[in-house]
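Okay, so here's just one chain, in structure tokens, the form predicted on its own.
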């Protein structure tokens, strides 16, 4: 078979932050070892590197969108640019019009109205992409979105495309993606091309609400999915509600993980739960085995 025929892309998502999504994704990455390429698509708040210890071997600047700049030697201080800027990114300071990089949306209107062509549009640097080796020897593609930068969906796409290219080149069986929480553009971008989605939720009112929202997004892609209920024993009544929802929507119920201080202790040591002697290690191993089985059955 060709690499593209055997490669499987698994995305780990949550409808809200703080459910344990990244801890689960990092644990699966450790279990997969060198058979997987890891893609951290939570570019706005990346933290899986804290557990996988990447070496930041290669760094690339990521450019997306445009930014306006005024050539002061051509500017006649007419003020037309400031008049049309709906984002209030242009200010008059010390007898000069200046454009704030933080406020400029790159629409280009100021460039069009400038009578002396003093304003030019430049490609905006939006972040960095890294290609690393993790502590288990796998390749990891991750990124950092610059402060105030937009186009996080495009940065996610860049991370995924690079991860897929490496997986094909190195003939890897899996790509494990740590997605962003919520249902925004980064999540939609991370779902493109996925074979299976692991949803991580918690037994709270907001946990169930956001689980329903993110599954509604997944269903549009018609991607097979399973769910882990983390800290299930903190609210058994809400856990039952979540299980009913999973059954109704035919979402695989992958596991119930009890609240355990071992998770926190492992994180403070820079480890995943599967690198400890906690009984939860076997549970996560079973999740990994079951997800692989579900993908094989689907194919």
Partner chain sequence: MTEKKPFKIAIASGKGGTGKTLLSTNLAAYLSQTRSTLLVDLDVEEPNDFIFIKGTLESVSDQYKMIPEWGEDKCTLCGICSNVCKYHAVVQLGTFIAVFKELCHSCYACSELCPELALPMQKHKIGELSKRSDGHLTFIESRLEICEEQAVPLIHQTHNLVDEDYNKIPFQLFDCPPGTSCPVIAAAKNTDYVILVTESTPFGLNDLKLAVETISKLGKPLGVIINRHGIGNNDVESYCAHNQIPVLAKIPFDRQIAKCYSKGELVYAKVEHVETSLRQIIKYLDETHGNHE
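Superpose the two forms; the largest set of C-alphas matching within 1.5 Å is the rigid core. Computed from a prediction, not measured in an experiment: that's the story for all the values here. Numbering follows the first chain given and starts at 1.
Here the subject shifts to the form predicted in complex with the partner chain, a form of this protein not shown in this document.
When the partner chain is considered in the model of the complex, only one residue from 161, 173, 206, 72 comes within 4.5 Å through any heavy atom, namely 206. The chain is drawn here without the partner chain; in the model of the complex, the stretch among 72-80, 192-200, 129-137, 210-218 whose residues come within 4.5 Å of it by any heavy atom is 210-218. Contact between residue 169 and the partner chain in the model of the complex is not found at the 4.5 Å heavy atom cutoff. Within this chain, residue 152 lines the site of the partner chain in the model of the complex, having a heavy atom no more than 4.5 Å away.
The partner chain in the model of the complex comes within 4.5 Å of a heavy atom belonging to residue 46.
At least one heavy atom of residue 107 is located within 4.5 Å of the partner chain in the model of the complex. With contact defined as any non-hydrogen atom lying within 4.5 angstroms of the partner chain in the model of the complex, the contacting residues in 172-199 are 181, 182, 183, 184, 185, 188, given in sequence order. Core-aligned CA deviation for residue 183 between this form and the one not shown: less than 2 Å. With the core held fixed, residue 87 shows a CA shift of 2 Å or greater between this form and the one not shown.
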